[in-house]
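Form predicted alone, single chain, as C-alpha cells, below.
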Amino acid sequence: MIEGRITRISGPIVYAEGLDGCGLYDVVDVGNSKLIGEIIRLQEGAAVIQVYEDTTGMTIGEKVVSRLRPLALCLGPGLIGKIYDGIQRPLENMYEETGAFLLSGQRSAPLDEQKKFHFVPSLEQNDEISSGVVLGTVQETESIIHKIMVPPLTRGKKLTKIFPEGDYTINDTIAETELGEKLQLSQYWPVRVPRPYVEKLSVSEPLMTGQRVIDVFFPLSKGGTAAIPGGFGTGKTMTQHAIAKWCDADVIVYIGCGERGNEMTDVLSEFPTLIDPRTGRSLMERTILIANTSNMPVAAREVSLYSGITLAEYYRDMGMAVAIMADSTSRWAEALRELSGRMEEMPAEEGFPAYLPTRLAEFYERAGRVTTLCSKEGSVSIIGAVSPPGGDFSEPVTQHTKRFTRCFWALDRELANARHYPAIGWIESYSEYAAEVEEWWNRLDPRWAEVRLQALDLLKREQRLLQIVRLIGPDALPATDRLILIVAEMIKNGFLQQSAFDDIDVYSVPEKQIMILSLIMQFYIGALDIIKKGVSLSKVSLLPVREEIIRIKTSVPNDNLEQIAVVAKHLAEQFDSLEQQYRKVDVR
C-alpha cells in the first residue's frame, strides 16, 4: 500500500502527492473518513483523484492510501434482485445498517458472504480448463441458472481438485488448479476493462419488446444499441420500463444515472411488484438495479454506466441475452463535464470535455452479440435514454450518441402532449437493423418487410399532405390523397398507439403485430381500388370494418388471433357489398 497526502480539494476532485508507484485508475481511500476514490490522472507523483462520495469537511493534509488495484466489481451468485449504487454498494443492506442516509466512507459487502448456494459441479479432477470454462452451476433464482466460470485471468490449465456438490458461500473454494490457484463462486473484474470473448458475431435476431412501433417499424437486434432522446415528459423512462418488463432478454440491468429521486423511487417500488410474463414470477428475479440519483456525488454517476455494463457482460459470458437500460446518458455526460471543469481541462462544445465522443463510444462498443469463452452465444443490448435540454436534438450528447448507435427512437413532444404513447416519432426515428433482422421476420411472416415499408411511406406522405391541408383545407385534396390521411390515422390509432393500462394492448406478440398492420394495408389497397372505380370516399370511410380494425389491438387477445381472420372476412365482404351497390347505381 502507498500513502500520500491531500494538497488541494475541488468538490469531488482531490489532488494528492506522494503516490509514486500507483497506477492510473487505482482505487484509493481518501481522507480520515476513508472515502472511496479513483486516480484519474498522474504526474510525477502528484495524483488527481475523483471521489465517489461527498467531500464536505475534508481538509488539506489528510492522508490518501492507494490499494494498488483498479476499481472492480464482485461478480457471483446473489447479484440478481440487488439494488446497488454506482460503485456496487448494496443500498438495501446499508439502509438496514444506518438508515435512510449514507454515512461518509460507509462500506458493505456487495454480495451476501454468509448465504450458501447449492453448487453442482460439471467438471472432474484432472480435467483440462481454460478461461471461461464452466466449473458448475448454481440456481441463483427460479428464473436464472448461474454458471460458475473460470475467471479470465486464471493461468492454470488443469484442475487438481474440485469440491463435490453441496452448499458453499461465495468466498468458499470450490476448485484448485495445478498452479495452486483457488477458484471460488465469486470473482472480481475491473469496471473499465471489457470482459474478453472469442468472437464478435453479426446481429440477426430482434430483441422483441411487444411494442409495435419498435418491433415492426424500428427494430432493435439482440446485441444492438439504441438511443431514446426526448425532452422532459415525453416518456423516456416509461418506454424503458415497458421494454424492461416485456423484452425477451434473460437478464435486465437498469441504470438510473443522475435521474430525479422520485423517478428512481417509482422504479424501486414498481419493479418488485411487476410480474415477469415469461415465468409468472417477480420481475426482480432477472433484474439488477443501479440507483444513482441526481443528489448523489457526480463521480459515482460517472462510473455507474461502467458498473452496469460490467454486470451485463458477466451474464453475457454465461450465454445469456442481457438488456441494459441507461437512464440517462445525458446526466452521465453532465457528470463528465463537471469533473472536467474541476480539473480545469479545456472545454469543447457546450462545455463538454473533448473526450465525450470517446467515452460514449467506449460504452456503446461494449454491446454486441458474441461467442463467449465457454463457447456459448450471448449478447448485450444497450438502450440509452438521452435528455437534450429543451428537446434540442442538435446538442452534443444526442449528436454523438447518433454516431455510435444504430437505432434512434426520437420521442415527439406533440405526440406526448396528445397522449399518444409510446411517443416515438416516425419521421425522425430510424433503425439500421431492419435489413439484418429481415430474415428472422420472414421466417415468421414474409409480409413484414413489404407492409412495414408501405406503412412508413404512407405516414411520410401524410406528413407532406398535412402541410397542404393547413394552407387550403382537406376538401381541396383529391379522394386518393384524403384516403391517405384516413389510413394514416388508422395506423396511428390502431397500430402505433399502445396502452400500458390495457391488459390486452400492453403487449403484442409478433404475429399479431403483422396481422394488424397487414389488415390496415389491405384496407388501403382495397379502398384505393374501389375509389378509382367511382365509389365515394365518404362511403368507404363509414364502413363498420374500419372501426373493427382499429379496435383489434384491444379486442383480440394474443392467444386468440383467429379473430383477426374474422375481421379480414368482414373487410372483404363489406368491400364487395359496396362495389356491388356502386355497380347497381351505375347500371341505372
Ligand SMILES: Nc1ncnc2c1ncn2[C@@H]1O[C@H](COP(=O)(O)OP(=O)(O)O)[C@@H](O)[C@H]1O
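On a predicted model such as this, the values are computed, not experimentally measured, just so you know. One-based numbering along the sequence shown.
Absent from the display: the form predicted in complex with the ligand. The rest refers to it.
- You can rule out all but one of 450 to 458, 230 to 238, 172 to 180, 359 to 367: in the predicted bound form, only 230 to 238 has residues with a heavy atom within 4.5 Å of the ligand.
- Only one of Ser294, Gln106, Gln498, Ser518 comes within 4.5 Å of the ligand in the predicted bound form through a heavy atom, and that residue is Gln498.
- Glu263 is the sole member of Glu263, Glu285, Asp481, Glu438 with a non-hydrogen atom lying within 4.5 angstroms of the ligand in the predicted bound form.
- Not displayed here, the ligand is kept clear of Pro219 by more than 4.5 Å at the level of heavy atoms in the predicted bound form.
- Residue contact with the ligand in the predicted bound form: Gly223 places no heavy atom within 4.5 Å of it.
- Mapping the unseen interface onto this chain, Pro422 counts among the residues with a heavy atom inside 4.5 Å of the ligand in the predicted bound form.
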